[in-house]
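Okay, so here's just one chain, in C-alpha cells, the form predicted on its own.
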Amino acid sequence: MNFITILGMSAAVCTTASFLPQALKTIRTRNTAGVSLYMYALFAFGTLLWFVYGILSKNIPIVAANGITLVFSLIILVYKIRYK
C-alpha cells in the first residue's frame, strides 16, 4: 500500500468509528430525542452518494468508509422514524 492509500484508510477508520457509539446507544436505548431526522436523512443520502462515487472511481477507502458509515447512519435513521 502506498502512503495515500494508508492515509485514506486511516481517515476512513476514524470517521467511521465516530458513528459507532451513537449507533450502539440508539440501538440499546431506542432513544432518538437528540437526533435530528432531517440531518440524518440528508447525511445518509450524502453518504450514499459518496459510496457510489467511491465505487465508480474505484477508491477503496471511500467505498469502505462510506459503506460502513451508511449502515450506521441508516440504523440511527430507521430508529428515529420507528421510535418517535
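Remember, it's a predicted structure, so these values are computed and weren't measured experimentally. Throughout, we count residues from 1 along the sequence that is shown.
The following text describes the form predicted together with a further copy of the same chain, which does not appear among the structures shown.
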{"query": "a further copy of the same chain contact in the predicted bound form: Val78, any heavy atom under 4.5 Å", "finding": "no"}
{"query": "Touches a further copy of the same chain in the predicted bound form: Phe72 (any heavy atom, 4.5 Å)", "finding": "no"}
{"query": "Ala64 within 4.5 Å of a further copy of the same chain in the predicted bound form, heavy atoms", "finding": "no"}
{"query": "Residue contact check: Ala12 to a further copy of the same chain in the predicted bound form, 4.5 Å heavy atom", "finding": "yes"}
{"query": "Within 40 to 62, the residues that have a heavy atom no more than 4.5 Å from a further copy of the same chain in the predicted bound form", "finding": "Tyr40, Leu42, Phe43, Phe45, Gly46, Thr47, Leu49, Trp50, Val52, Tyr53, Leu56, Ser57"}
